[in-house]
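In the form predicted alone, a lone chain appears below as structure tokens.
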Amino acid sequence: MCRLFALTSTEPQSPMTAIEALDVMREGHDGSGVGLFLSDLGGPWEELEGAPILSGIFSNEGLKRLDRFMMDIGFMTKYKLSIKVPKSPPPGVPKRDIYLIRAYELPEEWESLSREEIDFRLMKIRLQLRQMGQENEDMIVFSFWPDCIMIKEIGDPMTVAEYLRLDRKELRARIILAQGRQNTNYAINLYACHPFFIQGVATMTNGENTAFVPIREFLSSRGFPGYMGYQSDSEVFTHIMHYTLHMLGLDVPYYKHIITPLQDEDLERHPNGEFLKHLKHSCRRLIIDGPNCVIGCLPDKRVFMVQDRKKLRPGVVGGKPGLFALSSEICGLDAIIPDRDKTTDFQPMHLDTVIIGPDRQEVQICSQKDTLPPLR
């Protein structure tokens, strides 16, 4: 089992806040790795609206290859944060040359492109860099997207955070997703470390998806190049949300109806029953199986939590106006927001989707039994 913690705040927060929550929950994860997703960034990144930010780990030679590649395709550095570390890492943490976070200016010839085309090209560049890195084993690229930073490493979360000095002001963000534990179902690979990301959608999962193979095959057959990788069975949760939003044009409340649809007899009584029957049939290969708690962030800065159909993994949401957290355990919530009204804490059950908007004023609860919002 692993542990998850996410926060959304009107004021930028340090990643150490989320790391401290993971540390409180350390009995629930094995301390073998950590993954961070930061968005709605503060500090110097706040002034770089629209500039794609590259996050990854590079060898010295890999960094040279990156520089040549990006210059060749017309990308110039706008701002960067290079995390250079001591020569001797702490026990359990691999030796790396450079942890890089770099913002780029878009090429001039991209100015006439649509937002959709820019988004597609940014994704393709990330995939190309990932392929280059895997060929030479000199670069690991997690994300290349505006207003987004990702950091992943093997080792105890608190040890890694202190080693990388994640308390620095340049890494403050209003949205932070943190997961403690390397994926242990496969060979250790940072591409198997949560959170996962595609075109502004990030999710992380505590659980196991035994329907992974048919879901992977369905997504891989859609003809969309971003549906690839799958070093972890949990990556499909990110891609299903992306598919829901971008391919089907549906909003978050529909996500649960795709991954854990209602039984046929319940659909007969549902106000949107006819539509949901068609959705269930057409997306039947995206139905998940097994215990899962999923926490994620959307391009519009909403954060959400959903559970599997039997609620077999822990999850709780709580906070106060301006600061909310989504946590695997209440102790993680208590550690970070002790002064909240605990009577308003909510533990989503098998029919619920919890959504917190970018205004961070309240928790919205959607049940699969509710009437769905109009189609976009």
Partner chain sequence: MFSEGYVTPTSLSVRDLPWQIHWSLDKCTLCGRCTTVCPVHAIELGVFRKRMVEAPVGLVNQPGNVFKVFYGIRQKTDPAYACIGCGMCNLVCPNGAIMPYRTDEADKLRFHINRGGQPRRRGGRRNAPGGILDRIKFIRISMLTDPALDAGRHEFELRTLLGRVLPPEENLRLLKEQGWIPPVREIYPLIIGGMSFGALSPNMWEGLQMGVAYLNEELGMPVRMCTGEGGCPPRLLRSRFLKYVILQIASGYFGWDEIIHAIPDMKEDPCAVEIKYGQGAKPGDGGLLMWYKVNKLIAAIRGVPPGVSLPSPPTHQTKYSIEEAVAKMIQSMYMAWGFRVPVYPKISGTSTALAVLNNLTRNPYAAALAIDGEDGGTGAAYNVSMDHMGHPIASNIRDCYLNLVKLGRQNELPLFAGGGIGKNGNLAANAAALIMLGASGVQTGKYIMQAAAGCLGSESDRCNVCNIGVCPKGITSQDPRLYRRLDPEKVAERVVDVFLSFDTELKKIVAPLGRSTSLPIGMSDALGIDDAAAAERLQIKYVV
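Residue numbers count along the first chain shown, from 1. All values reported here derive from a predicted model rather than from experimental measurement.
Here the subject shifts to the form predicted together with its partner chain, a form of this protein not shown in this document.
Although its partner chain is omitted here, in the predicted complex all of H278, P291 and K310 have a heavy atom within 4.5 Å of it.
Although the partner is absent here, R165 is not a contact residue: none of its heavy atoms lies within 4.5 angstroms of its partner chain in the predicted complex.
When contacts are judged by a 4.5 Å heavy atom cut-off, E111 does not count as touching its partner chain in the predicted complex. The shortest heavy atom separation between I73 and its partner chain in the predicted complex exceeds 4.5 Å. Proximity of P214 to its partner chain in the predicted complex: non-hydrogen atoms within 4.5 Å are present. Residues with any non-hydrogen atom within 4.5 angstroms of its partner chain in the predicted complex fall in just one of 133-141, 202-210, 75-83, 151-159: 202-210. Put simply, of Y243, W145, Y104, Y255 only one has a heavy atom within 4.5 Å of its partner chain in the predicted complex, and it is Y243.
Distance criterion of 4.5 Å from any heavy atom to its partner chain in the predicted complex singles out I287 from the list M228, L127, I287, I118. Scanning 335-353 for heavy atoms within 4.5 Å of its partner chain in the predicted complex gives no residues at all.
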